[in-house]
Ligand SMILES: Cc1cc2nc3c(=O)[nH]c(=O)nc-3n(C[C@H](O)[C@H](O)[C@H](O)COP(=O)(O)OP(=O)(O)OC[C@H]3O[C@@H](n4cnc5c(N)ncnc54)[C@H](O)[C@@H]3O)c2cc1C
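Below you will find one chain, with nothing else, as structure tokens; this is the form predicted alone, and questions on how it binds or moves follow later.
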């Protein structure tokens, strides 16, 4: 039985239960398609008839209106049917979230209705020039009267050929100012069969054994103005919003594979006898299964919490990046550990564990590499979403009795004094005692005395000119951080101020002073 979350509605729970039954009834068929490398048209057609492609589509356009959570529930369960899960997930990425957020009413009526009915789609970002550097798109759209003329290529496109709908990010400006402001991209959506649009080739990858993934070619493809989603130059914004959804729904699909890995290892460890006992009684194997269960729990929680935030209308950049990053890394590590626990059996294709490793390797690259995810988490957390949470609410001061720096809410003895050269130098000297290797930021100094940033920078510049501090400058040429040098420390306080020895140290016998 699929474990639900407290915020799921009764409709969410019913969807999960129905889908679990569907997956169990089609598991054998999906596996047969996988081993024979055949596309599962029959299973996908059944899904379309049952309306599962419309889980995240508003009822107004023929969907279930279960939001990102509903789409995640479907992705998680269908992820256990391999190619079926990939096709569903990528079809949702090919316009569902982006059209709901940025499409016109006419576009929603046309495209969302098709999505709800099960039209397969694809999202097209990657090119020979644009991978992790997603802004470096060369495929171009040039305005010709009331049409756009598209030329270029897209590659590593899942559902290539089998998809009917293609959601693309295309360059519409070569102006350096637009490029610098990320206003050089626009978004287009159109269907296969459009003149000049063709499938160039299908890739043979490390995984995706029966999942079509390939190159697309556009040669003088003429599109009407109505094919553009959002405004001209809004492509980057739409892409980033779409990627939050993409990473979330992709991470949910990983949950299904983690569940199957845990089930398989549990099954195997009960029945495999080594050293006179079942594997489950060998500690390392039991710990491996414990890690799989823990990762499964965390993976599902992160994916569905991210979906919950999206359904609340938020833009969970950090959460979606973490979900994608950790879930596929956990899938890779779980696959490797499960192979190790099962031994030689897991090296064969009798069991799906080796497939999990190959799939996880693809997952570590698609929708932004995991290194990009880590950078996004760092950048957004430190410059936008978590600046308040990450800000230290206290300062450190030296406890004279203990001889160690302690955290304190006390703002310091100079907080009511006007900043002067002598005072700033003393503040820097005190910081040396508690943070001997760190610089102080201008704002750090400002919190401990009275004075504007401009005034404190001027004082720091004066101290630097007098050879008492070392300054670090930002790109604008302004002092950003400063640290007292040895001469400055000597000027601020006598040598005795910096000395401290633990009780066990024999000062009279071993210490020396010049």
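Positions refer to the first chain, counted from 1. The structure presented is a predicted model; accordingly, all values stated were derived computationally and were not measured.
Beyond the structure shown, there is the form predicted together with the named molecule, which is absent from this document and is the topic of what follows.
Peer 1: Pick the stretch from 366 to 374, 309 to 317, 423 to 431, 108 to 116 whose residues have a heavy atom within 4.5 Å of the named molecule in the model of the complex.
Peer 2: Among the listed stretches, the partner-contacting one is 366 to 374.
Peer 1: Can we say 44, 78 and 162 each have a non-hydrogen atom within 4.5 Å of the named molecule in the model of the complex?
Peer 2: Checked in the model of the complex: no contact with the named molecule for any of the three.
Peer 1: Among 296, 227, 238, 125, which has any heavy atom within 4.5 Å of the named molecule in the model of the complex?
Peer 2: By the 4.5 Å heavy-atom cutoff, the listed residue in contact is 125.
Peer 1: Scan 199, 205, 398, 381 and let me know which has any heavy atom within 4.5 Å of the named molecule in the model of the complex.
Peer 2: None of the others qualify; the residue that does is 205.
Peer 1: Would residue 281 count as a contact of the named molecule in the model of the complex, using a 4.5 angstroms cut-off between non-hydrogen atoms?
Peer 2: Taking the distances in the model of the complex, the answer for residue 281 is no, it never comes within 4.5 Å of the named molecule.
Peer 1: Answer for residue 270 alone: is it within 4.5 Å of the named molecule in the model of the complex, judged on heavy atom distances?
Peer 2: No, residue 270 sits far enough from the named molecule in the model of the complex that none of its heavy atoms falls within 4.5 Å.
Peer 1: Report yes if any heavy atom of residue 158 sits within 4.5 Å of a heavy atom of the named molecule in the model of the complex; otherwise report no.
Peer 2: The answer is yes: residue 158 has a heavy atom within 4.5 Å of the named molecule.
Peer 1: Heavy atom to heavy atom, is residue 213 within 4.5 Å of the named molecule in the model of the complex?
Peer 2: Although the named molecule is absent here, residue 213 would touch it in the model of the complex, with heavy atoms inside 4.5 Å.
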